[in-house]
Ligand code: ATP
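First, one chain by itself in structure tokens, the form predicted on its own.
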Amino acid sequence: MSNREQRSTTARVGLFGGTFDPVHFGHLRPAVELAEAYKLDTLYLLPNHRPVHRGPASASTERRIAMLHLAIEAIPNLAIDAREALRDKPSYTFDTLSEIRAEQPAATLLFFLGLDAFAKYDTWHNWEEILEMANLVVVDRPNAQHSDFSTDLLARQRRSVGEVIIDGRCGVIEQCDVTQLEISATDIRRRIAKNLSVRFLLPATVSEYISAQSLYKARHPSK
């Protein structure tokens, strides 16, 4: 089999992590664009259980996963991988990628992260080994800037492999632009706590679920 034929039959798998508390259009629109731009067979949304760099989520793991299922049920190429959410310990990207690489040894793995996260990439657990298993796609974020480390890492990567496309190799780092919707899960939770509308910020099915489950309501609502 030629290299070209091998690339055409190799699965292209994307991984898009987040707390999704709750999932909203600011998550979903970029996910759809990334799946299209990188011709992914599947883009997995990876809800985490105990984020290493953040505090605990407001909604339970089970409810955040339920909201994700509602949000993507009619969106082709998007799926959910709940392995991080089901770990009762801090979630490390290295552990997740190690498991997925073992399950899909021939797949081209693309891990998507925001520029704000990439600027702190040197603080990630086993960050160098991550590049031996997957490619990184850095998604530009409003007001986010490179750190000295991330600028140097990009420069070193380009000196090493040049301007290449992600075609099955590991260790490629790319930057990309997607439609940025300035929607915040924090703001959605605040609006719900104050009984304000969240219409057009997240899917109607998710909004209905939040209402039915009485999620994000203020514990001591003002009179």
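Here, rigid core means the biggest group of C-alpha atoms that superpose within 1.5 Å across both forms. Residue indices: 1-based, along the sequence shown. None of the values given here were measured: they were computed from a predicted structure.
Not pictured, yet referred to below: the form predicted in complex with adenosine-5'-triphosphate (ATP).
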> Does adenosine-5'-triphosphate (ATP) come within 4.5 Å of a heavy atom in each of Leu136, Asp152 and Gly171 in the model of the complex?
Replying inline: no
> So, in the model of the complex, is Ile183 in contact with adenosine-5'-triphosphate (ATP) at a 4.5 angstroms heavy atom limit?
Replying inline: yes
> Going by a heavy atom distance of 4.5 Å, is Gly114 a contact of adenosine-5'-triphosphate (ATP) in the model of the complex?
Replying inline: yes
> Using 4.5 Å between non-hydrogen atoms, is Thr19 touching adenosine-5'-triphosphate (ATP) in the model of the complex?
Replying inline: yes
> Does at least one non-hydrogen atom of Arg63 fall within 4.5 angstroms of adenosine-5'-triphosphate (ATP) in the model of the complex?
Replying inline: no
> Since exactly one of Arg101, Arg87, Arg141, His146 fits, which has a heavy atom within 4.5 Å of adenosine-5'-triphosphate (ATP) in the model of the complex?
Replying inline: Arg141
> Quick one: which of 36 to 44, 66 to 74, 193 to 201, 22 to 30 gets within 4.5 Å of adenosine-5'-triphosphate (ATP) in the model of the complex, going by heavy atoms?
Replying inline: 22 to 30
> After the core is overlaid between this form and the one not shown, has the C-alpha of Pro76 moved by 2 angstroms or more?
Replying inline: no
